[in-house]
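Only one chain comes next, encoded as structure tokens, the form predicted alone.
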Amino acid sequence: MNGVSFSLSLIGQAEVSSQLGGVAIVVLVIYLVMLLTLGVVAWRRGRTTEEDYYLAGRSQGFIVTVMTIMATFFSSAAILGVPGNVYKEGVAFMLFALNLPCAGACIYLFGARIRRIGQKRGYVTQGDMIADYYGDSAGLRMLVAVVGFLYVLPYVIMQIKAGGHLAQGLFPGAAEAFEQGAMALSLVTIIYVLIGGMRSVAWTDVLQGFLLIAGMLIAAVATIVTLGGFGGFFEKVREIDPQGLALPGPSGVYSPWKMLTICVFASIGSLVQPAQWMRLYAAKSDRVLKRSALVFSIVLPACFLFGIMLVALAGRALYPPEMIDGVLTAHPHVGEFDQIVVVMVKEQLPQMLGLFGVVLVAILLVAVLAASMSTADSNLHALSAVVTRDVYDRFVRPSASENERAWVGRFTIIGATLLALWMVRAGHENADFAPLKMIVNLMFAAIGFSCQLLPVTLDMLFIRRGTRAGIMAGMIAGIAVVFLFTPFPDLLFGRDGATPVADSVAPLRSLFDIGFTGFVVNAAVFALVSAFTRRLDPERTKKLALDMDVSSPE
């Protein structure tokens, strides 16, 4: 079956778009009503304490824990950005799925220790644990808060941008669909996070997580069936250009060594970021976390490899990217790399199932919304905790009441969302606004920053030889290195990569993951400074270690 027979005719596409608009409104309304209902129920079940708002009373069971961890991990980068990069780079980027078992192993190894000491000592944020271990100081808490902000902002930008792409897919004829979709996603996310806190976020993550898993697998089944089964699928894939079927891919970016460092450090960086760390605190027991790690390691790789990655690979075969003026560009029918899944499902399901297929398209595109909201809500919620606990409560108004701190957290959520929305709109209106060109690039930048908490995490949990001065010096050095790898220096000093900054880091960019490079510099500086600065009180660290290592009753 060739690309012509696979695609709908122009008349057919117009008819599908017309039907999709009406169906999409119904599906969206049902979905949003369910989310807001869960938010209200969570609010009625909750208590007015800070611990309940941020950690749901530390009582989350297995189903809620595993689904909220998966849904937070499963952002729009997973359902739009990753398949977009598979479409762009071919088989080379499919190896990214190997980061998921690594992430599951991290939950298993790190989770129980973090949960135990968090419960025993009443920690809410990463800063609580790090400051207690190394000695509370304004500089350390602020540095940890900065790392959290540098992770959260790009991730929220990704989710809002995905909301715009979703609106474009659902309402292709609307002139301002992208802007309206981005604004709608931002507004709904703000509402139910403000209402219910962690319990609301976690309960909605369960709904969104199941919707995501089903959506990814249905999209893959539809692709394979439409192409004539596995035989037709692999026959079509064999038509992909040789560069798209091997490393380092058409762009020459993803060498084996770089993919290895991405798989390891993208997974760990995604687990030591603020929202996931708080989910470890919120679990009811060690057993819950270990069972969650096992399910996570099995279910998510299956969804990636046998779900949307197959859709993206088929999309590359049907609509090959084009090289224009030395730049790899998406096929005109696709428009943007991140849109490949949306384009594929809109064509396949109506062709295969008629009107029922149109309904499924609406549901699958709402799954994109679920991916975006499940990560946006978690990260906004975590950021509000960081700002409230680690900044406002410690340095602005230590005597503030819980009600006052709750309002500071709510204003933080609103402010961060508006900032991210402004950046998304600026990027949409300016094609040269490099940081927002591809969702996956934002993902790697965010994870690169969160990886700078890995040395301190390893030291607290296992090594226990670092000093406060060493931790702070290492994090500052690591953040600086990651910043050099992002597009921001090029924006400040030049364009199109033709800058001294870009030239100086280009060899490392081609060899290593951004998070790995920052981690190596961070760890080296951390070890060197720790060797020549005052060590922590051994009796104090011994007590902290005991709280991490001794299992609590189930």
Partner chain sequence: MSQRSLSRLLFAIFLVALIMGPGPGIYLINPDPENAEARRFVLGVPIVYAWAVFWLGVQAACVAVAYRRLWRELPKLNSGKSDQ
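None of these values were measured; they are calculated from a predicted model. Residue numbers count along the first chain shown, from 1.
Keep in mind the form predicted together with its partner chain is missing from the figure; the text below concerns it.
J.: V221, I414, A480, L260: which sits within 4.5 Å of its partner chain in the model of the complex by any heavy atom?
T.: Spelling it out, the residue with a heavy atom inside the cut-off is L260.
J.: A426, L418, L245, L328: which sits within 4.5 Å of its partner chain in the model of the complex by any heavy atom?
T.: Selected residue: L245.
J.: Although the partner isn't part of this model, could you tell me whether G229 comes within 4.5 Å of its partner chain in the model of the complex, counting any heavy atom of the residue?
T.: G229 lies outside the contact set for its partner chain.
J.: Decide whether Q351 counts as a contact residue for its partner chain in the model of the complex under a heavy atom distance cut-off of 4.5 Å.
T.: No, no contact at 4.5 Å.
J.: So in the model of the complex, does any heavy atom of R468 sit within 4.5 Å of its partner chain?
T.: Output for R468 is no: heavy atoms all beyond 4.5 Å of its partner chain.
J.: Is L310 one of the residues lying within 4.5 Å of its partner chain in the model of the complex, judged by heavy atom distances?
T.: Result yes; L310 sits at the interface with its partner chain in the model of the complex.
J.: Please identify, from 292-300, 441-449, 399-407, 384-392, the stretch that has a heavy atom within 4.5 Å of its partner chain in the model of the complex.
T.: After filtering at 4.5 Å, what remains is 292-300.
J.: Heavy atom within 4.5 Å of its partner chain in the model of the complex: which residues of 219-238 meet that condition, in order?
T.: Residues within 4.5 Å: F234, V237, R238.
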